[in-house]
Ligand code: AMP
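Coming up is one lone chain in structure tokens, specifically the form predicted alone.
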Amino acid sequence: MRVAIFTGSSAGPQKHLEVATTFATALARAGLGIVYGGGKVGLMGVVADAAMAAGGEVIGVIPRHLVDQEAADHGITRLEIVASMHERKARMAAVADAFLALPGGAGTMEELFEVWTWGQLGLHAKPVALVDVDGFYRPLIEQLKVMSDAGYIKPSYLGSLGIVADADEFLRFVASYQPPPVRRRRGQGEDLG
């Protein structure tokens, strides 16, 4: 099993570095492979280094235009260089069996929301979770609840997004994961709302 980890190309606070290290180490020791953005910088690099140090498999997927900017990591199990950001996300999704967002910025959010939406659309049935380090994602979680209360996110979809604090909780979430009901087009027995 492989987990795609979305996280920042910046380092962030020390606590985030510690959690990224602990999380990647625990996943590698549990026998899970890591799929990530392929860079040596920021939390991405921390995740790759920690998983490799723990004897794990690490697959990096990086677009050609970011090879120099994010300092592509050639010291991992496998580095795949692709043509575009779209190809990067598609390849990571194809290789991964689950998705996880550690702290990060706009790119991390974009990756998280895309794979979570794909699950709602029935394009995959893989677990998607985020690691809430010291309340980092608390405002986002509250906004998602506001969206759900307003009718924009079905409760089953909101409930399908795992909110975890550590690797053990993530592994339990993955083991018990039930994908949300697939959205159907009108006339197929379920509304689009």
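The first residue of the shown sequence is 1; numbering continues from there. The structure displayed is predicted, hence computed values, not measured ones.
Another form, the form predicted together with this ligand, is not on view; read the next lines as being about it.
The candidate spot formed by G8, R88 and G105 is fully in contact with this ligand in the predicted complex: every one of the three has a heavy atom within 4.5 Å. Among residues of the shown chain, L66 is one whose heavy atoms approach this ligand to within 4.5 Å in the predicted complex. Interface residue remark: E110 is counted as part of the site for this ligand in the predicted complex, having a heavy atom within 4.5 Å.
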